[in-house]
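A lone chain, given as structure tokens: the form predicted on its own.
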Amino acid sequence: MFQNPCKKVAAIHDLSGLGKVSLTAVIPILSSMGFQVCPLPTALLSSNTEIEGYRLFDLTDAMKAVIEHWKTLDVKFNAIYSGFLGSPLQIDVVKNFISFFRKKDTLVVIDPVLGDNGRLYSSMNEDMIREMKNLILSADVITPNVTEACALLDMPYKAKQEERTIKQILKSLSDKGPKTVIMTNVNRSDKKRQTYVYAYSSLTKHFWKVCCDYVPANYPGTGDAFTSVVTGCLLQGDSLPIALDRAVHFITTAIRASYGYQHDPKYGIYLEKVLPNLSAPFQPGSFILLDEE
């Protein structure tokens, strides 16, 4: 029997022709970390949704056909990683995929892509929020930003969050099923000179925090890149705080590498310039263990 020396990741994301998001970020990052990415495209987009006039083509029927073929091949995935979904109908497709292909040691990571900065993305609606609440029940790890976390809990969005509230949000989401909840793009400063990533593990009952310097530019796809690095780190056996630290450091470096160019941020970060950083030795950074409450 043939054996593949690389761990396999089923990546359930959209494919955007322009703008470094979703599969065009997920594949190079996880491949650079030594994993074989098996893409299952949820939609084909002419560009990411931040670029005006984009075209979206729903691939729900194609997804079902691909999955049926994969079932006949007895393929085994070490991780299932879901991101942007093209329609509420795809939630059931992904849930059934997880149910069929999940094994005892399969890592299931769900990035509940819904919106950012207090608003839903143009292709999202209340139906997607409702269905996403069901999908995260199947996850080991979820990585919402503040907007998405509030939507999943039916909470009003606040641009500035107190740390006590952040912990409550993380714990409430974990109580729904995911063992690990990671919340990104957290702002706790009126001047917004820094942003934070917070995480909670129900296995250890620990809260973690990583700080990153704020750069005054918004690059689509940084969330996809962040979750991809976290997924790769967890697959290679890193602890949660190390995975957070490595992901934050990588994204910060990528943003800084992109910011100095005359480049429209809507097209995403210059990922190719920083991919070699993923193979660099780990150097402890700024992760902090918070007191339990």
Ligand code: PXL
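Each residue number is its position in the shown sequence, starting from 1. What you see is a predicted model; the values in this text were computed from it and never measured.
Below, we refer to the form predicted in complex with this ligand, which is not included among the displayed structures.
Shown alone, this chain has one stretch from 61 to 69, 42 to 50, 254 to 262, 235 to 243 that lies within 4.5 Å of this ligand in the model of the complex by heavy atoms: 42 to 50. Not displayed here, this ligand is kept clear of residue 157 by more than 4.5 Å at the level of heavy atoms in the model of the complex. Residue 200 falls outside the set of residues with a heavy atom inside 4.5 Å of this ligand in the model of the complex. Proximity of residue 214 to this ligand in the model of the complex falls outside the 4.5 Å heavy atom cutoff.
In the model of the complex, this ligand lies within 4.5 Å of some heavy atom of residue 221.
Along 105 to 121, these residues reach a heavy atom to within 4.5 Å of this ligand in the model of the complex: 113, 121.
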